[in-house]
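Next comes just one chain, in C-alpha cells: the form predicted alone.
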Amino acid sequence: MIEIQDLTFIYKDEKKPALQDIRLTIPEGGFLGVIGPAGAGKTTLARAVSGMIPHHYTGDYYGSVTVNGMDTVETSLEDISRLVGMVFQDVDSQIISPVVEDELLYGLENFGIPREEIPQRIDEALQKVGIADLRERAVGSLSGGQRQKVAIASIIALRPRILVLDEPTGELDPRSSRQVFSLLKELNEEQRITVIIIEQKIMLLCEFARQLAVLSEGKIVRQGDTRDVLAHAEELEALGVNCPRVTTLSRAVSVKTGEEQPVCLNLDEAEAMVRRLIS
C-alpha cells in the first residue's frame, strides 16, 4: 500500500537532509513502529507519508512516495487525506474547534460525509477512544492527554485506510496509552487499517507493532520484524535507542548461560523464559 523509493528531503533553508535515501515498503494491513533518537527524521517520515511533504512543508525533494498507487507529489493533499489520517505530535496545532463534538463534526462535514451518518460516526469514535463523557466539553478545559484523545477520535471518525501517528501517547498515563494501542490493534486486525506509529514508549510499541524501522541521522539503519530488529539491541543502544527491559533481560541471560535465548517482547515472554530456566 505504501512504497517509498530513494526518498531524500531537505527542508527549505536547511542544508542537511532530514531524510536520505529512504526505501520502505509497508503492505496493506501492516503495523509499523518507527523508532530512533531525537532528530533522526521520524516526524519528517510521517509528514512524507501523509502528503504534508511536499504540499505543506517545502524543500528539496527527491525520490517518490506512493500511497495506494497515488504519487504524493502529483496528488492533492485533500485527496491523500481521504486515505491517510495523521495525528500530530503537537495536537494543539491540529484541533481547531472550541468544543469536542464540533472538532469531530468539522472533519466529517469537510469530507462530505452524509448527514445521516455523522451522529453514528461521532458516537463510535468517542466511545472507542473512551471520551464519550467529554462530548460537550470545551477543548480549552481539557488536559493534554484528553486533547490527544480528541485528536485521535477526530481522525478515526473519518475512517481512513492508513493511520499515521506521531507519539500519540506522549501526554497519556500508562493505562490510557495501552488503551490507545489496543484500539489501534483492533482497527488493524479487524478493519485491516494500516498503522504507522512513532513512539517513545518502546516496550509498549514492541508489544503491538509487528515491524520496526529504525532511523538515525535521516537514514533507515535497520528494519524488519520487531523481534529480528530487537535482536540487534547493542546496535540500537549505541544509536541512542532504548530497548525494552525484557529484551535486555533475555540478552543478559543469553550471555550468562551461554545459551541463546529468544528475544522477549513482553512480560509474559520474560516470565516464561525465567520459569523455563528455573525448572
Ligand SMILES: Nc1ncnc2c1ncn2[C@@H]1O[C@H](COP(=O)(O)OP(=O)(O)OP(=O)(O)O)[C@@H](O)[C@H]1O
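Because the structure is predicted, anything quoted here is derived from the model rather than measured. From 1 onward, residues are counted along the sequence shown.
Heads up, the form predicted together with the named molecule isn't pictured, but that's what we're talking about next.
Inset, instruction - Consider residue 264 of the chain shown here, and say whether it contacts the named molecule in the predicted complex, taking contact as heavy atoms within 4.5 Å. - result: No, residue 264 sits far enough from the named molecule in the predicted complex that none of its heavy atoms falls within 4.5 Å.
Legend entry - residue 41, heavy atom within 4.5 angstroms of the named molecule in the predicted complex: Taking the distances in the predicted complex, the answer for residue 41 is yes, it comes within 4.5 Å of the named molecule.
Inset, instruction - State yes or no: in the predicted complex, is some non-hydrogen atom of residue 61 no more than 4.5 angstroms from a non-hydrogen atom of the named molecule? - result: No, residue 61 stays farther than 4.5 Å from the named molecule in the predicted complex.
Legend entry - Partner contact for residue 200 in the predicted complex: the named molecule, 4.5 angstroms, heavy atom: Yes - in the predicted complex, heavy atoms of residue 200 and the named molecule come within 4.5 Å of each other.
Inset, instruction - Check, residue by residue, if 27, 66 and 86 all come within 4.5 Å of the named molecule in the predicted complex, counting heavy atoms only. - result: The answer is no: none of the three residues contacts the partner (heavy atom, 4.5 Å cut-off).
Inset, instruction - Determine which one of 33-41, 206-214, 228-236, 250-258 lies within 4.5 Å of the named molecule in the predicted complex, judging by heavy atom distances; exactly one does. - result: Result for this chain: 33-41.
Inset, instruction - Note that the named molecule is not shown here; using its position in the predicted complex, name the residues of 216-240 with a heavy atom within 4.5 Å of it, in sequence order. - result: Sequence-ordered list is empty.
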